[in-house]
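The chain below stands alone and is given in structure tokens; this is the form predicted alone.
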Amino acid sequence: MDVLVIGSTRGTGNLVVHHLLERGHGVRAMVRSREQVSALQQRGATAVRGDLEGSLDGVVEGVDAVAFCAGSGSSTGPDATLRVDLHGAVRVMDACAAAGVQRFVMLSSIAADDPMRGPAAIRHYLAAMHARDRILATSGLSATIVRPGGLTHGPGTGRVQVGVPTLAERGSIPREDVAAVLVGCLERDDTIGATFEVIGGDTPIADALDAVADRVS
């Protein structure tokens, strides 16, 4: 499978690139600057220039799926969240629809179902996630929406807890495990149509995705 990863240069998206390459998939990594090209190409990915606030010409052409892992960052403010996290994501959905690329996996956030569940300081962010998740769910694309808890930088455990669509508790999860969940969803058509929350837990990722698929079917 050839996958376009948006948000490929850092954080969870960069780990998604690693997992996809490790599992033998082709990776097209969207970057904004020439300086970001070399490091990704050295790892075996194909870098393509694109900008969520600028040109997306050709970035989705010829791929089988898109993994959207981009974000404006916690220090940029509500305006950038709207421009990048919400409007940028919708522009990518539109590009996929125009190019006939159906498979789409979205990295969202726990509590995106109801922003009032989240801390006041990030409710603008959760509101943007809520809006784009609803747009994706009704877009006609073959989508899976993954809503992790608080992201940590520790090593992955390969074990998680999932709630379809929500969990009864909040919690954290290593980015490494979130990346593995996203790639697992890309590899499984039986997760199409699923929206679920995920935190660290005791269930192997493959078994957790079985549970997600059972709830969708």
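This structure is a prediction, so every number in the text was calculated from the model and none was measured. Numbers follow the displayed sequence, beginning with 1.
Heads up, the form predicted in complex with a small molecule isn't pictured, but that's what we're talking about next.
- The closest non-hydrogen atom of Arg10 lies within 4.5 Å of the small molecule in the predicted complex.
- Although the partner is absent here, Gly150 sits close enough that one of its heavy atoms falls within 4.5 Å of the small molecule in the predicted complex.
- Although the partner is absent here, Arg188 lies well away from the small molecule in the predicted complex, with no heavy atom inside 4.5 Å.
- Within this chain, Ala45 is remote from the site of the small molecule in the predicted complex, having no heavy atom within 4.5 Å.
- The candidate stretches are 30-38, 188-196, 154-162, 57-65, and the one lying within 4.5 Å of the small molecule in the predicted complex by heavy atoms is 30-38.
- Among Leu136, Ala127, Ala95, Val84, the residue placing a heavy atom within 4.5 Å of the small molecule in the predicted complex is Val84.
- Distance criterion of 4.5 Å from any heavy atom to the small molecule in the predicted complex singles out Leu107 from the list Leu107, Ala112, Ala143, Ala89.
- No residue in the set Asp2, His18 and Val101 has a non-hydrogen atom no more than 4.5 Å from the small molecule in the predicted complex.
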